[in-house]
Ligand code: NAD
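Next up is one chain by itself, shown in C-alpha cells, the form predicted on its own.
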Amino acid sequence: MNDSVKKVGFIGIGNMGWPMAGNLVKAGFEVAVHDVDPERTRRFCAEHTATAPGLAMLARSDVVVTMLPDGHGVRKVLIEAEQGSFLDNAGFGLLIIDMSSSEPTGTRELGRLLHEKGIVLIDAPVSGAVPRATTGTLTIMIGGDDPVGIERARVVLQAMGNRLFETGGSGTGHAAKALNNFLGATSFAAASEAVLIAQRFGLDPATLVDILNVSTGKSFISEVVMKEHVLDGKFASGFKLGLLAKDVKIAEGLGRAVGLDAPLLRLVSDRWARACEQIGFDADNTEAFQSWQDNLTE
C-alpha cells in the first residue's frame, strides 16, 4: 500500500459499491463509508472493518471514492448534502475518484469547481458488473488532468480492478464508459432482434446463437449474455436496465456535444429508453428482450 494513502472514504454502497468498498477493506485501507440508506451503511460496517463518521469527517480522508448512479448525485453529495458539510471540511489536496457513470462534460465542470477549492477530481468508471466488482477484477477507465493525482489513485484502484486504462484528460474515462455501454446496448438490441425473428420463423434460437458464436456475428452478447441470461430465461446479469439506458443517453449527449451526427446512437438510445418506460428502471437490462418480444409490425 502507498504510505500516502491510508484512509479511504467511500460514498455509495449499492450493488456495485458494496463489494468495491469491501475489497478496499480487504486490501488494508481504513475505510469510512456513506450511503443514503443508513441501514445499509450500518450493515456494511457490521460485516466489514469500516466506519460511518458522516460526510464532514469522511471528507478528511486521504482519498474519497464516489460510486453513485449519476453525476447529479455526485455533485449533490459533494457540494449540497448536509448543508455542504463535505466541501466545507475537505482538506487542500484531497483526491476524489468518481467511479460513477457520470456525464463527461459535467465531470469537467465539477473538476474545475473543485480545483478552485484545492481538490483534485479524476474520473474512473468501471466495466464488469457485480461479479467482477466482487472479485476485484473490474476494468477501470481513468481520466484526469492531474498526473500526480492519477498515480496516487492507482493503489486504490488496483484493489478494485485488474485492467486499468488511462484515457486522457478530465471526463475521458466517463466518455469511454458511456461509449462502451452504447456498443454493448447496440449489440444486445441487434442480437435480440435476430433471435426474435428466428423464433417467429421457426428457427431454433439456441441453434442460431450457436451459429453466431462460430461465425462473424459472434460477440460478448451472443457468447455470454444470450446463452446465460436470455435463452434460459434467467435475466440476471446484475446491471439495471435504467442504468444502461442512462449510459446510452450520456453517449448520445456526448455525440451532440462534439457536433457529430450519430443516427444509430439516437435510435439505440430511444430503443432502450422505451424499454425502460415499459418494464421499469430496476429491471435487469437483459429483460429488455421481453419488452421487445411482443413488438409487432403495423
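All residue numbers refer to positions in the sequence shown, first residue = 1. Note that the coordinates shown come from a computational prediction; the quantities given were computed from them, not determined experimentally.
Keep in mind that the form predicted in complex with the ligand is missing from the display, and what follows is about it.
- Checked against the ligand in the model of the complex, the residues L113, V155, V130, A198 give one hit for a heavy atom within 4.5 Å, which is V130.
- The partner is absent here; in the model of the complex, the one residue of L254, V230, L68, A32 having a heavy atom within 4.5 Å of the ligand is L68.
- In the model of the complex, the ligand sits within 4.5 Å of a heavy atom of I11.
- Under a 4.5 angstroms non-hydrogen atom cutoff, the ligand in the model of the complex has K246 among its neighbouring residues.
- Though the partner is left out of this view, D37 does reach within 4.5 Å of the ligand in the model of the complex, counting heavy atoms only.
- Among heavy atoms of M16, some come within 4.5 Å of the ligand in the model of the complex.
- Contact annotation: the ligand lies within 4.5 Å of heavy atoms from the stretch 100-108 in the model of the complex, the single such stretch among 203-211, 100-108, 144-152, 186-194.
- For the partner-free chain shown, just K177 of 162-192 comes within 4.5 angstroms of the ligand in the model of the complex, judged by any non-hydrogen atom.
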